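Take a look at this single chain, the form predicted on its own, given in structure tokens.
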Amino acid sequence: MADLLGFVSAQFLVSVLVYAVIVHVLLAGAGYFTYLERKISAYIQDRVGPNRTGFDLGLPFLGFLKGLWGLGQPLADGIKFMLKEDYTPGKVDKVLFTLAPGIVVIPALIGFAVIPWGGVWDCPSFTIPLLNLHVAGGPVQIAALPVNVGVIYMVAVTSLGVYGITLGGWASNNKYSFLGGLRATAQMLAYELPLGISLLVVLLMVGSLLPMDIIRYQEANGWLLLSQPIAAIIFFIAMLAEANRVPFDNAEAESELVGGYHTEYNSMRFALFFLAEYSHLAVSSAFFVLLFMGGFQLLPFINDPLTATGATGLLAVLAKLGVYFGKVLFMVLVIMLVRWTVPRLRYDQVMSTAWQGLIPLSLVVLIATSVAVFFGLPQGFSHVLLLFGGNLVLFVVLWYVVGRLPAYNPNRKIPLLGSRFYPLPGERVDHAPSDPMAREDRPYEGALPTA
């Protein structure tokens, strides 16, 4: 038996355990992210939100679990999705119609694999009695897949989800679903470019694809959110577009496309789309935390004994897990606040933002960073001051240049001689009402007799 299980190592066992735990955290978290978003939207709109469904399940002896601030609402929603009739419309491509939700959700549930949630743990040697297998200890990463390709794996995997959206829209045999799938595809192609260029800025400075090296670099030189704020903002905007979140949710715009690519879906196949969206939200937030917020490091330039990369004890691993999950939750909250603060953009504005705004800006940031790296960057706090100052100067220059570029107004008024906006020469057009009552700003007071 020991010979057959020779591939089993401490890193293998830790990776399996981390993957099993994080997948279940994502599955449970996706449900409670819906609860959190509904409560946040309720607070912003001066409502109450879910507040009645508890965990009593209608049983009298569980009456003490009734209510509980509505925390049972995600469970009730999940039960409803599982018990609803799974209806397949006629004249759809049944194979692709069924596969599409799975193609969307699988990349969201494997994209986090390279994230080093708890840093490095100095695992002791131990023996598995039932298998009579001795496992040698040593330093292991608290990650599901500690591979050399690192962040390239995340970019490659998370970008696959749009195939499921496109297939679902096409296989539904519905014009609204088809348009939603086309929008999602075009949006992904547009926003993958600034996202990838922003990632290149980070990799250019760090000089490595390994997630742990990115965290070590930020531990020594400060968080990249401070030294590369423009790249961080571009990455955040592209992240919203990749996840089809407001203001980039044009693929499922209810006011235009009924429900977008998932119009014809119901029951658990419909729920899988939502599960993929919120799982992708968590994974993207974890990616952002890794690249720009120091990963599991608690505060920049403060190497406390628990969250420093050199801390390899079990208590340090638990502390790093708590810090990382806390940062991810904070980013998810920020994304939800953006949804209920910023209105949806028109689709032409979505595309022009990418092609005419983010892509040129990210290229300028990449070129400026390349020049700075070529001439050498100082270490420590001076590193942050130099790059932050450079980003500030770049922002001011671009603001000045963009403000003087010729602007195209698609809503401009077309000259039409004789109209109210373009009267003929020598003619005075007066469209004001002649009745004094129509000119009165106070209708009630204006209707009272003045004598």
Partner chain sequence: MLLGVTDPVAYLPLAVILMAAIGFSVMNLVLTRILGPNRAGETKALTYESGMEAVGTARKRFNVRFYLIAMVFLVFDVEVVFLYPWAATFANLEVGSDDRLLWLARILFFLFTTIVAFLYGLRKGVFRFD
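Residue numbers count along the first chain shown, from 1. Computed from a predicted model, the values in this text were never measured in an experiment.
Omitted here: the form predicted in complex with the partner chain. The next part is about that form.
Q: Among 293 to 301, 219 to 227, 320 to 328, 196 to 204, which stretch sits within 4.5 Å of the partner chain in the predicted bound form, heavy atoms only?
A: Contact-bearing stretch, as computed: 196 to 204.
Q: Just to be sure I understand the contacts: of 240, 120, 75, 306, which is the one whose heavy atoms reach within 4.5 angstroms of the partner chain in the predicted bound form?
A: Result of the distance check: 120.
Q: Going by heavy atom distances of 4.5 angstroms or less, which of 178, 163, 274, 236 would be at the interface with the partner chain in the predicted bound form?
A: Contact check passes for 178.
Q: Any chance residue 171 has a heavy atom within 4.5 Å of the partner chain in the predicted bound form?
A: Within the cut-off, so yes.
Q: Determine whether any heavy atom of residue 129 comes within 4.5 Å of a heavy atom of the partner chain in the predicted bound form, and answer yes or no.
A: Output for residue 129 is no: heavy atoms all beyond 4.5 Å of the partner chain.
Q: At 4.5 Å between heavy atoms, is residue 269 in contact with the partner chain in the predicted bound form?
A: Yes, residue 269 is a contact residue.
Q: Closest heavy atom of residue 333 to the partner chain in the predicted bound form, within 4.5 Å or not?
A: Judged by the heavy-atom cut-off of 4.5 Å, residue 333 is well away from the partner chain in the predicted bound form.
Q: Listed by sequence position, which residues of 145 to 182 have a non-hydrogen atom within 4.5 angstroms of the partner chain in the predicted bound form?
A: Residues within 4.5 Å: 145, 146, 147, 148, 149, 152, 153, 155, 170, 171, 173, 174, 175, 176, 178, 182.
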